[in-house]
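Okay, so here's just one chain, in structure tokens, the form predicted alone.
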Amino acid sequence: MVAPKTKLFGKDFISTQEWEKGELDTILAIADQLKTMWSYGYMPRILDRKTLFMLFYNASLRTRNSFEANMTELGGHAHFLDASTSYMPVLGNESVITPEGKSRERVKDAAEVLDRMGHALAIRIFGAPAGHVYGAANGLIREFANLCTIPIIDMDCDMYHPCQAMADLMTIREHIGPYNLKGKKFVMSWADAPSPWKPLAVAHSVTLLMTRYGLDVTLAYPKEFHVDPKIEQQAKENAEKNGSEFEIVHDMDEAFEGADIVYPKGWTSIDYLPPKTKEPNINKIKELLEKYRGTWTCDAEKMKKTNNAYYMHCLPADVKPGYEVTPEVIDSPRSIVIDEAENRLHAQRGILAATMGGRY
């Protein structure tokens, strides 16, 4: 028997900003209910004999394992596709032959084939596989969405990481209470990192989602590491619509003052990536990272400025003095990073059940 098409069934999940708040509430409600069932050792086979294709252009630990575990527990199957076993699709009207002689087929061909073989397609791509061109990875995901009738799920690109943001919101609601978010100060902050290539996806998605759920959001970064201006404008509009505050500061100490939740994470500078530059300027980004080394680190002294804040991070974090976070913070009782990681499983279960299950 074919399940009837409903409001969320078949819907792409590329950015939470493209979903109504009520739809996101439905995802969270499903996730909460299934997490309770899971805790009792029971899981309904909502996705019996359904297939999720997972196209990975980048390596993964939490993302791959949470999606695979979910598909197994919900009665379906996840196909893991990577560069060593599959032709990696590329945009354009022609195939690409790499200098090593490897063939890369068109998105059009791959999309139309996978569309006939499975029930959803999840994609993870950012950085080098997209040529370090800001927006190119998200563009590839959206091209798949244009060509496929099955739902497309963004598992992390150069602009958005909606699955992580949903897991983060679920975690905050569990620790603070789903009806106690109003007026809580949430800080999304840039932090020192050794890699010049970290995408802005988490900062974008978390900022956008938290400004829709009543939290007072402070976005902090050095001016050279600003986020996409379009994201800032959307966050401002979200906050105005939902009666919360949104501010941007350029000092980590100032941002942490009185914070209830802090989320310090590194990201790259889009001013030195195409399309703003002809080529990725790695030397300039590294120069900027050294400029701020040690001044944008989440350590015990900065945490003292907060309101005994919870510490969050999507992981993997750069745990070392002078980088994203020190061991004493990430390993402290106020660190909820492992809860976040577990909730990747549960939040994504809600997404999969709604978009693939056809009953919500």
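Everything numeric in this text was worked out from a predicted model, so none of it was measured. Note that residue numbering follows the sequence shown and begins at 1.
Here the subject shifts to the form predicted in complex with a small molecule, a form of this protein not shown in this document.
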Considering Arg62, Lys305, Lys35, Lys50, which brings a non-hydrogen atom within 4.5 Å of the small molecule in the model of the complex?
Arg62
Give me the residue from Met54, Ile27, Ile46, Cys314 that has a heavy atom within 4.5 Å of the small molecule in the model of the complex.
Cys314
Choose from 136-144, 249-257, 214-222, 158-166 the stretch whose residues reach within 4.5 Å of the small molecule in the model of the complex, heavy atoms counted.
158-166
Evaluate His346 for contact with the small molecule in the model of the complex, applying a 4.5 angstroms cut-off between non-hydrogen atoms, and reply yes or no.
no
Taking the small molecule as it sits in the model of the complex, is His119 near enough to touch it, meaning that at least one heavy atom pair lies within 4.5 angstroms?
no
Is Lys198 a contact residue for the small molecule in the model of the complex, using a 4.5 Å heavy atom cut-off?
no
His132 versus the small molecule, in the model of the complex: is there a non-hydrogen atom within 4.5 Å?
no
